[in-house]
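Shown below, as C-alpha cells, is a lone chain in the form predicted alone; questions about how it binds or moves come after it.
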C-alpha cells in the first residue's frame, strides 16, 4: 500500500511538473515568439531545471508539438459538441459559435500563438496544420446552415455566402479577444449579432398560403 501511494505521488509530481513547463512555455511562445523563446527562458519561467524539460519533452520542438496537440484536441472537442443535439439549426449554430468563443476567451495565449504563426512567419516552429482547424470550423457552420435550409427553418440561399457572413463576424470577435489593448465584441455582444443575422436567414411565416 505504501509503495502504491509512493508511485501515485510520483506520478502526480511528474504531471504537475509537465504542466508547469507547458504553461510557462505557452506564455513565452505567445508573448515573445517561438524563435526568441530559448530553453533557458522556458526553464526560468517554469521554475524547473533544463534536464526536466529534456526528460519530459526531448527538446523545445517536442515541447511545442505537445502544446499544439493538446490545445488543438480541445478545439476538436468544441467542434464536435454541437453535432449530437436535436435543437434548431439556429440554436445549434449559436451554441457552436459560443463554445468556440469561450474556448478562445479561456485559452488566449494559445490562440494568440496560433494566429501569430498562422498569419505571420513560422519563426522556425515545427509545422502544425492550423489550416485544417479553420476548415473544420467553416465546414461545421456550413453544415448547420445547409441543414437549416433543407428543413425549411432558413430561407433558400447560397449556403457558402451565408457561412462567410457568420465566419466574418466570429473571426473578428475571436481576434478582439486575443488583443491586449481592447475587447470590442464580448460574448453577449456576439450572440446578439448572431441573432440579428440569423433572423435574416430564417424563413418568413406563411401568410394566406404565400411565403
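What we label the rigid core is the largest C-alpha set whose atoms superpose within 1.5 Å from one form to the other. Positions refer to the first chain, counted from 1. Predicted model, so just to flag it, every value in this text is computed and none were measured.
The following text describes the form predicted in complex with another copy of the chain, which does not appear among the structures shown.
- Within this chain, residue 63 is remote from the site of another copy of the chain in the predicted complex, having no heavy atom within 4.5 Å.
- Within this chain, residue 67 is remote from the site of another copy of the chain in the predicted complex, having no heavy atom within 4.5 Å.
- In the predicted complex, none of the heavy atoms of residue 54 sits within 4.5 Å of a heavy atom of another copy of the chain.
- Another copy of the chain is not shown here, but in the predicted complex it comes within 4.5 Å of a heavy atom of residue 172.
- Contacts with another copy of the chain in the predicted complex, taken as any heavy atom within 4.5 Å, map within 117-149 to 118, 119, 120, 121, 122, 123, 124, 131.
- With the core held fixed, the Cα of residue 38 is displaced between this form and the one not shown by 2 Å or more.
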